[in-house]
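The chain below stands alone and is given in structure tokens; this is the form predicted on its own.
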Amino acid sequence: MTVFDHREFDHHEILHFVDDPATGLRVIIAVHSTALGPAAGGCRRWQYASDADAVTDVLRLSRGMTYKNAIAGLPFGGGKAVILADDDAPKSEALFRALGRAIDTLGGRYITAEDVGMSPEDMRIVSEETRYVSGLPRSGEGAGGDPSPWTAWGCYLGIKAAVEARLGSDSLEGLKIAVQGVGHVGLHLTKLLAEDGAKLVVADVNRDNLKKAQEIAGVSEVSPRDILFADVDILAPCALGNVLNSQTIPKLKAKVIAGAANNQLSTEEDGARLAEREILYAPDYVINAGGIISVAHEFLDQSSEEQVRAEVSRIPERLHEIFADAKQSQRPTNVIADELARRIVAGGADTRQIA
């Protein structure tokens, strides 16, 4: 089987494999679409079970970035990079410089930023080899730097929108919310939810993350294997993807799923499974767009906090439109969102062809 036959291949424009023995860098860069502009999306560093898993991840993530940027109204297409982490090749300045050089060879068709396993400081090193990078350490009063707080804030606003649509409440006071993963984004999110009076239960494989969440928000803990099935009103997946599938969905107790993780659904059909159980799903690439909005404004040198806040504040509006369409048409929310994103991308491609 070739990559063109891969189940997640969706007419991706570029799939770039880089192996740099001198630094230990092995990275896959995927450009899904440049119909709306250069492909923008973060770079994650992860220890994959196999190279095939890394390919699957980068194909799915890059397509998700196309849809995310389109619905967020950003002048960017979708791309992603995944570094295959290796204990024999830990983080190093040389590795990130090699990453920068690899990105630069694409001539601006892909713009990177930090994702899981990466930091603004890592991006600073990358920026010494290429200008096609954002999410750099914050300077002055701009809204650049770590995009996690913006992702969390947009997710918080999206949770409130989903609660209003499904539970008919404009308050989170007293609602039970399970947060799966309290890393950078999840930790910020738990703080916001706790401040609104939600009762929080969390899980994470990292004890330091759990300790921070306890200090900040006074959360209760459950094991990572049980968090999805907690008896709560809202489930917020904020770790890795593929957690909602034919095995987990029948055991869910939450009425709303609204979280920051990418690719929460294992397959498109899982959206229908949620709808059949009357569980309202906030499409992940709509609710978690706060980070890319910040990164985009930073790259475009439009990084005032007011501008970013105004754009992120539109996430609930977009979700309400999707929820209403799904309710009227009796179709899953993920299908509605995908169709909307594809229409926007197709319109951009047509405009470029006319120009």
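Computed from a predicted model, the values in this text were never measured in an experiment. When you see a residue number, it is the position in the sequence shown, counting from 1.
The same protein has a further form, the form predicted in complex with nicotinamide-adenine-dinucleotide, not shown here; the description that follows concerns it.
Residues V18, L95 and D122 are none of them found to lie within 4.5 Å of nicotinamide-adenine-dinucleotide in the model of the complex, as judged by heavy atom distances. Here the chain stands alone, but in the model of the complex its contact with nicotinamide-adenine-dinucleotide, taken as any heavy atom within 4.5 Å, falls in 148 to 156 among 70 to 78, 148 to 156, 102 to 110, 169 to 177. Contact annotation: S33 falls outside 4.5 Å of nicotinamide-adenine-dinucleotide in the model of the complex, judged by heavy atom distances. Interface residue remark: G218 is not counted as part of the site for nicotinamide-adenine-dinucleotide in the model of the complex, having no heavy atom within 4.5 Å. Contact annotation: I249 falls outside 4.5 Å of nicotinamide-adenine-dinucleotide in the model of the complex, judged by heavy atom distances. A residue is said to contact a partner when one of its heavy atoms sits within 4.5 Å of a partner heavy atom; G181 meets this definition for nicotinamide-adenine-dinucleotide in the model of the complex. Checking V232, A89, A261, L274 against nicotinamide-adenine-dinucleotide in the model of the complex, a heavy atom within 4.5 Å turns up for just one residue: A261.
Distance criterion of 4.5 Å from any heavy atom to nicotinamide-adenine-dinucleotide in the model of the complex singles out A239 from the list L280, V201, L192, A239. Heavy atoms closer than or equal to 4.5 Å to nicotinamide-adenine-dinucleotide in the model of the complex belong, across 200 to 222, to the residues A203, D204, V205, N206, N209, ordered by sequence position.
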